[in-house]
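Single chain ahead, by itself, as structure tokens, in the form predicted on its own.
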């Protein structure tokens, strides 16, 4: 049985990953650490795991790996400590809020010879995996352009704090799409232009919408909207959509359209009942496999670094009003 600890339940994805660990049948949540003691104790109780308030004691315990789901700014310090302790690491996205910190995480894990994965569960959504296979098989010919969205609800809390989050919706929702496009097209980004702002009245001064225009190797043009524009009453947290314009045709995928519309007169609102796969479980299962086999996770730290580069360039573009060359 692979023994995995979770470092912080600050990010809501921690709860999905914790639940997924129990579903693998091959791993157990062996310990919880959180610098917010009340939050950590509540999560540990919810998932029937021991809680440890001291990070050094947590990392000295009998753990094979850790999942880092803290506030974004704390990823580097936690990852460096975990790597020094010899633990395999799955780190929530964005890998870091700066390119320097993301590169430092990658280097720390390389030096310690431990596996490092970035939490990009969208790679494990079957509609996206099918599209990737079709593109690789040449069904759409050369890809000329892509139009993408990652719109969601404002998570609140520390996500609205620049010192902890590093940025707003552009930071939160660009990395997923940047990673998917690199994965699907096997190309790197070369140019980034971004305009963003605070347009939806969210309770934060950070950007709640970003409009990005990007270029990839081979001249592929990409437009992307990253936002916190979804209302509190929206049936789910948001979306991930991609449209490819190709030599032989057009492809459109909605990653979370494996659902049934449910209308409940008692609740007086619509809801979605999902019938498809669980990307969190796919991500966690692959990480567990990598720990067991002592190999690098399939979604690597370098993948996280590359997505961070695009996101940081977006903010540099917004500040300068210029296109940033990567």
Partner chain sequence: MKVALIGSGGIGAVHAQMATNCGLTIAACGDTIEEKANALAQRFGTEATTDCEALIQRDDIDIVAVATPTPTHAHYVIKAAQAGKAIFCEKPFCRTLEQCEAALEAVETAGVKLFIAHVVRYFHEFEALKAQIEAGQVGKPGFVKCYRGGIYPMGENGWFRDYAQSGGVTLDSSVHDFDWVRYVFGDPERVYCQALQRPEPLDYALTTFRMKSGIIAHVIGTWAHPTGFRVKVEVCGDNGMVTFDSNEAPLEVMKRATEGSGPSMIVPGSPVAVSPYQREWEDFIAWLRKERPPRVTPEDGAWSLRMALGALESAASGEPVTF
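Numbering follows the first chain given and starts at 1. Keep in mind that what you see is a predicted model, and the values were worked out from it rather than measured.
Note that the form predicted together with the partner chain isn't included here; everything after this is about it.
Of the residues given (185, 211, 73, 99), 211 alone sits with a heavy atom within 4.5 Å of the partner chain in the predicted complex. Screening 245, 129, 103, 85 for any heavy atom within 4.5 Å of the partner chain in the predicted complex leaves a single hit, 245.
Although the partner is absent here, residue 231 sits close enough that one of its heavy atoms falls within 4.5 Å of the partner chain in the predicted complex.
When the partner chain is considered in the predicted complex, residue 10 lies well away from it, no heavy atom lying within 4.5 Å. At a distance threshold of 4.5 angstroms between non-hydrogen atoms, residue 124 is out of contact with the partner chain in the predicted complex.
At a distance threshold of 4.5 angstroms between non-hydrogen atoms, residue 200 is in contact with the partner chain in the predicted complex. Partner proximity in the predicted complex, defined as non-hydrogen atoms within 4.5 angstroms of the partner chain, places exactly one of 190 to 198, 89 to 97, 74 to 82, 110 to 118 at the interface: 190 to 198. Residues 318, 321, 322, 323 are the members of 300 to 326 with a non-hydrogen atom no more than 4.5 angstroms from the partner chain in the predicted complex.
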